[in-house]
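Only one chain comes next, encoded as C-alpha cells, the form predicted alone.
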Amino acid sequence: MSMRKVFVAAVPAVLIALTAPVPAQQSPNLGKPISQEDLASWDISIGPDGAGLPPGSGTVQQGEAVFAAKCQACHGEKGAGQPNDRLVGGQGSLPGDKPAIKTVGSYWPYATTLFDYIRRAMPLNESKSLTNDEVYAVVAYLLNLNGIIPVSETMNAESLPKVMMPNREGFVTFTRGK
C-alpha cells in the first residue's frame, strides 16, 4: 500500500474519533458548573446611571492613602505612570486621527464605569480585593487629580452618577428599534 493510501484511509477514523461523544467515565473533567453563589460574586456590573452601586463612600484624602498603598506601584505617583498605565491628564488630546492620551480625565465617559472597573479588576495582582469604601475613595482621588471634582467632594452611590466626565459626549449612543 502506498503512503497516500494509508493517509487517506486513516483520515475517516481520525474524524470519527474527534467528533464522537466522550462517555462520562472518560471525560477529562475540565471545569465544573458554576454555583449561583460563585456567579453572584461576579455579577457586580454598574450602569452609567449608577444602577447597582453599593453602599459606601470615600473622600479624596482617603483615596490618596489607598492609592499610595495599593495603586501607586503600577500607576506611578499621582497616577502619572507611562505609557499605558497613566491615569491623569490628557484632556483635549482625543480629537484627530491618533488620540494622544487616554486617561480617566480624557477618555472615560462615566465616573460609574471607573468605579465598576476598579472594583472588578484592581489591583491587578489582587482583583476584587478593595472594599467598596476604598473603591469610592480611589475614584474620588482620581477624579480630583483630573480636575473633575473638588478636594472636598465625597463619592458615594448618590454623588458618583452625577459627576460629569469631560468626555461624556465623546461616544455614540445606540438605541434599539430606532
Ligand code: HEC
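Numbering starts at 1 and runs along the sequence shown. Model, not experiment: these values are computed from the prediction.
Here the subject shifts to the form predicted together with the named molecule, a form of this protein not shown in this document.
In the predicted complex, none of the heavy atoms of A51 sits within 4.5 Å of a heavy atom of the named molecule.
Of the heavy atoms in L130, some are within 4.5 Å of the named molecule in the predicted complex. When contacts are judged by a 4.5 Å heavy atom cut-off, N125 counts as touching the named molecule in the predicted complex. Mapping the unseen interface onto this chain, L142 counts among the residues with a heavy atom inside 4.5 Å of the named molecule in the predicted complex. Partner contact region in the predicted complex: 134-142, out of 134-142, 54-62, 148-156, 38-46, criterion any non-hydrogen atom within 4.5 Å of the named molecule. For the marked spot (Y110, R120 and M165), a heavy atom within 4.5 Å of the named molecule in the predicted complex is absent from each of the three residues. Along 53-82, these residues reach a heavy atom to within 4.5 Å of the named molecule in the predicted complex: K70, C71, C74, H75.
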